[in-house]
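One chain is shown next in structure tokens, namely the form predicted alone.
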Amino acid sequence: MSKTRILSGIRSSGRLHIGNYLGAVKGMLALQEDSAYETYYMVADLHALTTPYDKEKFAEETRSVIKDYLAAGLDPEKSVLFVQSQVPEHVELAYYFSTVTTLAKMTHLPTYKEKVKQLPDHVTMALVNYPVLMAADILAYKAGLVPVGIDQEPHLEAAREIARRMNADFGTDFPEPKRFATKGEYVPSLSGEGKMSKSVEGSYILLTDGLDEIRAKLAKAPTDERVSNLFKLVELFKHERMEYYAAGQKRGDIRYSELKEELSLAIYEELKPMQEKRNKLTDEYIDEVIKKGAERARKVAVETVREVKEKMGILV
């Protein structure tokens, strides 16, 4: 391959927030516009099944992520945009990978342990196999780079180990994927604790939020010892004002109302063009993007599965 392939995806669990945008989508956009790369971007609906979900809203939430991708600037003429479940080769490849992966390894990953604590009554085999399916997502396209947040590094290391094992045991030629870091790879929660997350109400600003909604959410953000989270958002959206607010904090006369208002306006100004573009997208166009994306992705994934089956001695 003359170009380095890229694979990334975001779970289909509702509309995207600014953490998704800064931590993943901005990296996707940068790679899409670089002629050295061939980009594949999916909506990870199968991964969303590893935690409780609303089946009545699930399909629309999947479409919503595609809309957010398009609104943010991902171009189906430049990137392959697809829905994970519409490329069944991912699941098939994950099964083959599971034959070289141990249960002990999967259950020792920090992300697995975290989910077990959060959802002790929902510890399914799908949750255990999450990293194996993620490896299949990436390696189905022999992707060398993956623009994801730093919290996904343990999963990427699992994918690299699977690639090494498959190459050593069966003579495949999988690359060992590396993470493509973005400036906003860690966007803090508005609550002041942890990272911004769709699963934590009140922690995020959606890409579809209007100015009044952004103001209301930032108004609730704490200004105590956790104020560093607000400063991180200033750094990401209003960098030129960092020195001004840092000096005010040091003197003890910082006006948080001023900071939050400036930050609200800066965030909204970045989101406004996306919102305008999103509102113009039709259902027919979304259907076409999803259909064509699946067709293009399957052409590559089918060939990878064929190669793996042949190398493993499975009847092709």
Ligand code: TYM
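In this text, residue numbers run from 1 along the sequence as written. None of these values were measured; they are calculated from a predicted model.
Although not depicted, the form predicted together with the named molecule is the subject of the following passage.
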Let me know the one among Met166, Val148, Leu93, Leu81 whose heavy atoms come within 4.5 Å of the named molecule in the predicted bound form, would you? Val148
Which residue, Lys238, Lys217, Lys198, Lys142, is the contact with the named molecule in the predicted bound form, using a 4.5 Å heavy atom cutoff? Lys198
Partner absent here, but in the predicted bound form, which of 262-270, 40-48, 246-254, 284-292 has residues with a heavy atom within 4.5 Å of the named molecule? 40-48
Is Ile138 close enough to touch the named molecule in the predicted bound form, meaning at least one heavy atom pair within 4.5 Å? yes
Heavy atom of Ile162 within 4.5 Å of the named molecule in the predicted bound form: no
Although the named molecule is absent from this view, report whether Tyr130 comes within 4.5 Å of it in the predicted bound form, heavy atoms only. yes
Should Gln152 be counted as a contact of the named molecule in the predicted bound form, where contact means heavy atoms within 4.5 Å? yes
Scan 9-26 and write down, in order along the chain, each residue with a heavy atom lying within 4.5 Å of the named molecule in the predicted bound form. Gly9, Ile10, Arg11, His17, Gly19, Asn20, Gly23, Ala24
